[in-house]
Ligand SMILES: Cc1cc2nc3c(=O)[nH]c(=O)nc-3n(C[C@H](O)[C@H](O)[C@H](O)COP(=O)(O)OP(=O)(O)OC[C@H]3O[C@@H](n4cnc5c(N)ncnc54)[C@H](O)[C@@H]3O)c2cc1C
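The chain below stands alone and is given as structure tokens, in the form predicted on its own.
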């Protein structure tokens, strides 16, 4: 049980524990991923009475790394953990098989079906597939980062910037995503430090100009983050200049890692077309380059990586998969 900010005790819902994934059958749909896109796709597919297997390493994905969420409709404020508990509650009432701690390594076609192979050595077959494997932040890979995720370390300025009102924060990354994060934080934070490993800010000139002309922003170029400081919460970062080989500490309460994202598309790279950024290319109906394979959420080329957008894309993908089945059977 967990107590949320909205004053409701949220149970730990079990997802169809009596249903066991079956290697010997052909499902109508396999969903890969347990984030907002995958879970929403599961609900929509189940309501269409599709025979569904959902394979995921964990339930929640990147959302579980988010502290408070203030831009998901229906909730003025809710944590990532609480929101996923609500998703799980709704999914628990559906007839769907969920296999957790299962990482899909690859997908192949076998005749008229698709086969999903897992790292655990299992293989599952289905007539359609929805890939909703999400993305992962490109990490700093420095001491203190992983331990302080959700306690000052954030990978989403859009989600978490309001939580740092009046505080000093650092944005690590000088590209467009980092500069956009800094611009969002300028309106909220007391002080914003921008740290870039490049010799100058590599983002679009219009963004660079806006950041450089803001008095409350200090810019450190040609610098690398060496460590995120703090025990219970972030208290600062230690940076090192590549040019002068000097170190200094920036006293901040928040660190926004904006070095870009890596789509979890490796599992599909040999079967569907990917963009130059390794995202799965989809059309407006979440259809990929291979009929019968659909994709939804942050792993795709859909613009704006937001929880509510991923959920909507998951719904679209499920409906497209359903329509595919009834028109090709």
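The model shown is predicted, which means the values in this text are computed figures rather than measured ones. Residue numbers count along the first chain shown, from 1.
The following text describes the form predicted in complex with the ligand, which does not appear among the structures shown.
Note that among 54-62, 22-30, 269-277, 284-292, the stretch whose heavy atoms approach the ligand to within 4.5 Å in the model of the complex is 54-62. Between the ligand and the residues 123, 200, 108, 71, the one pair within 4.5 Å by heavy atoms in the model of the complex involves 71. Proximity to the ligand in the model of the complex, taken as a non-hydrogen atom within 4.5 angstroms, holds for one residue of 259, 135, 127, 88, which is 135. Proximity of residue 102 to the ligand in the model of the complex: non-hydrogen atoms within 4.5 Å are present.
The ligand in the model of the complex is approached by residue 307, whose closest heavy atom lies within 4.5 angstroms of it. Using a 4.5 angstroms limit between non-hydrogen atoms, residue 42 is distant from the ligand in the model of the complex. Within 4.5 angstroms of the ligand in the model of the complex, the stretch 24-40 places a non-hydrogen atom from each of 32, 33, 34, 35, 36, 37, 38, taken in sequence order. Look at residue 175 and residue 308: in the model of the complex their Cα atoms come 3 Å or more closer than in this form. An increase of at least 3 Å in the separation of the C-alpha atoms of residue 155 and residue 83 is found in the model of the complex, compared with the displayed form.
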